[in-house]
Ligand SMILES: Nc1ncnc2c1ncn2[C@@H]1O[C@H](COP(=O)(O)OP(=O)(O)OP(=O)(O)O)[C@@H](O)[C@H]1O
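Starting off, we have a lone chain in the form predicted alone, written out as structure tokens.
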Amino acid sequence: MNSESIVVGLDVGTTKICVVVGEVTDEGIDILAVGTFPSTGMRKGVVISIESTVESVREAVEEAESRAGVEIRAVYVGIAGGHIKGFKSYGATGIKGKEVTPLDIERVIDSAKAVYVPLDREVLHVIPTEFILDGQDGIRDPTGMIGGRLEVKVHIITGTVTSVQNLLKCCEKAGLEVIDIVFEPLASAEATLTHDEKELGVALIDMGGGTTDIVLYKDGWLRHTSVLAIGGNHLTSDVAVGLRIPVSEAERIKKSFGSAAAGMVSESEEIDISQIGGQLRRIPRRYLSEIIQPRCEELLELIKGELNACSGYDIAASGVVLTGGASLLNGLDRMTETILGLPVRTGVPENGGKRLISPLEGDINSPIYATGVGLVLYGSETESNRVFLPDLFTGIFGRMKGWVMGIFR
């Protein structure tokens, strides 16, 4: 096995750390192994304990290494959290009647980046959403075309400097080199969305433990990003408080017996729960769903408001794709379809035109691993293919290396 053909994605989530190891072959990308470990140092996608996060990352990496039989030294890491913000920008440059070259494209994107960004924020992505040449819009790749004026519309994604620094520091202390940082729902989209969905228009809703991320695609381009500070952990907390049980027990029964709608649960069905102190108690299963349902409705109403605010209903012609661990809650897909009024499917890591050798099987064929697999798919793309895809990075890593050198000097 050639070590240079190995690509590793690191999903540093609020509830779990996930390491996915893939091998790039002539036939495609083969997922070799997955390593997971509970995340104890994160809250709402942000590091709150360096040492706890480092330890969780190390455990997940060691598990992936033993399963894949490779040594992991470099990773593509995902970033999320309420601190992530996206906004639109515009740039233009003169071509003087010549052919458009890659240098011209770089210049026009640089002009679009020339916007005010607060000192406490760092640009993570500058993603072209449309090129315009001499008034002709809808151009995907203007290279080689002749014109006088090249324009570009871009979507810029930023995060707070401190959040990025802390994530980098955790990876460095765990002995990992960070090749790139990827906004996590963009990685999830790589693994779960089809080409047709991105063309027709789709809303991806990535429901994690601490946050819910929304990204919209249309005509193959990213159109909108937003983050809601509500996730699966809020459901768990509601259950723990409502039933007066430990958080770990609340998480267990939520996964095993929870339902988004109380009406889907039989009134006669009962479950056993473990109270604080270890005593067992039997309760109607419907009690659990009556606690969960209001929070699910609240989250979906917030998503509906976000879609209305960004013209998402005009964009998402093909419907909604739910992914992330919280999307596995029983009945949530049907509730989403009812409240949003759009077709809904659950997104799992699949081929999607991204050269996976075969459909994933077993535990990894789950929304829980969509981000990790997406990070591997991102990392497998060559630099030449990235220029016009919605995962373009700009000079963040020159500055990041300086930060890291300063931290560990």
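All residue numbers are counted from 1 along the displayed sequence. Everything numeric in this text was worked out from a predicted model, so none of it was measured.
In what follows, reference is made to the form predicted together with the named molecule, a form of this protein that is not presented.
Can you pick the one in G159, G325, G312, G78 that has a heavy atom within 4.5 Å of the named molecule in the model of the complex?
After the contact test, the surviving option is G325.
Considering the named molecule in the model of the complex, which of K198, H224, K254, H83 comes within 4.5 Å of it through any heavy atom?
Filtering the options by heavy-atom distance leaves K254.
Of these, 127-135, 317-325, 335-343, 160-168, which stretch puts a heavy atom within 4.5 angstroms of the named molecule in the model of the complex?
Partner-contacting stretch among the options: 317-325.
With the partner left out of view, is S289 within 4.5 angstroms of the named molecule in the model of the complex by any non-hydrogen atom?
No.
Looking in the model of the complex, any heavy atom of G45 within 4.5 Å of the named molecule?
Within the cut-off, so yes.
With a 4.5 Å heavy atom cut-off, would you call Q293 a contact of the named molecule in the model of the complex?
Outside the cut-off, so no.
Does the named molecule come within 4.5 Å of any heavy atom of V182 in the model of the complex?
Contact with the named molecule, no.
For 5-32: residues with a non-hydrogen atom within 4.5 angstroms of the named molecule in the model of the complex?
If the 4.5 Å heavy-atom criterion is applied to the named molecule in the model of the complex, 5-32 yields D11, G13, T14, T15, K16.
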